[in-house]
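Starting off, we have a lone chain in the form predicted alone, written out as structure tokens.
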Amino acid sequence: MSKFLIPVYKKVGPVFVKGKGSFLWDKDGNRYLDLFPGWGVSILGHCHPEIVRVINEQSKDLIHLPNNLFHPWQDALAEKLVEKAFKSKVFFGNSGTEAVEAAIKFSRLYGRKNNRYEIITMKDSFHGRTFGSLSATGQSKYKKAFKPVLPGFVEAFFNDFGDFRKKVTKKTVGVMLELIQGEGGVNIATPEYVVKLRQFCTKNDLLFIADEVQTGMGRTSKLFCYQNYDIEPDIMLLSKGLGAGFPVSAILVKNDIADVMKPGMHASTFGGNPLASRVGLEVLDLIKRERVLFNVKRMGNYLIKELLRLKEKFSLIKDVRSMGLMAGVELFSEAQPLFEEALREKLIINCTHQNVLRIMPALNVKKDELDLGLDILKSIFEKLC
């Protein structure tokens, strides 16, 4: 533990100094298989050569520019995102929590005409660590030390349209939904639930805000997770995979809603700078050029099949949930010991919601890499069971 860092992270394992694809190396030269690269950020693996090339090229020309001046890459990235998503306008920031904060401000502005400001979020949701996004998060463990949190958020049960309907009042302006709750345990929204929410929001002039910070950019085999449900959100939030390791976020807001935000009402010093925008464009191009979405579908199907085999074999596994390359293995016991044992066996995964192992490999992961990780998991279950 460093005596110079504020200890907000529980750091584990060795000191890593190098990454390539789905592997990391520590300072002693030991190799680790990383099936949770950068908390789901490094969707193209560590140090993809084309991302490295673009960073090097752009950093020689122009790294940063204030947002009151033009550069070509920001508008190009916004146009590409709109082209692949829905008719909208884009605001760029640096992180997922910033995108959430912007969505809250858009919601407040949109609801001002009839004094609506409450956003319904879901129990077990996670929307970020800054104060607005923390207040929106549906997990008390993250909020209790900072109470009182901001008013204006009401929690409903996930996948329960009836409970959502009960929580709607004259003050409700919208709903913010993770289509897959990552930090909440890899809980997947049902198609029936999502369609009912979308229809209700349309009928009652409520904003449907899709938090795709974790599910966006190909994680579920569609570029955006909402495309699995045959609906469109009014607002979509992106980050993590958008920069494939470089910090960038985006909020896409449908045109008629975007116009409520006027000059001077919102800003981000670093958001959408030349370097971040150029990287985001390259990520989108690589997803297409390297047929990443096809790989996600193929490897995702393989991963869930093999995880279900583990479930049949080991009674410690309660459930397996997955969409694309976003998988959760729910246990009948605490998951932390298995996470720690995996790290000792040189496999990096994640433990969330106390009893869920989360696996989110790079979207270009290879079958032999998944097999290596599955073999390590199998040996760990054999040892602990």
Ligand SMILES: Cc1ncc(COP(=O)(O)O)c(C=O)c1O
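Keep in mind the model is a prediction, meaning the values are calculated, not measured. The first residue of the shown sequence is 1; numbering continues from there.
Quick note: we don't show the form predicted together with this ligand, though the next part is all about it.
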> Do Gly185 and this ligand share at least one heavy atom pair within 4.5 Å in the predicted complex?
Replying inline: no
> Contact between Gly243 and this ligand in the predicted complex at 4.5 Å, heavy atoms?
Replying inline: no
> Within a 4.5 Å heavy atom cut-off, is Phe126 in contact with this ligand in the predicted complex?
Replying inline: yes
> At the 4.5 Å heavy atom threshold, is Gln214 in contact with this ligand in the predicted complex?
Replying inline: yes
> Just one stretch in 89 to 97, 161 to 169, 262 to 270, 292 to 300 has heavy atoms within 4.5 Å of this ligand in the predicted complex, so which one is it?
Replying inline: 89 to 97
> Which residues within 159 to 181 place at least one heavy atom within 4.5 Å of this ligand in the predicted complex?
Replying inline: Glu178
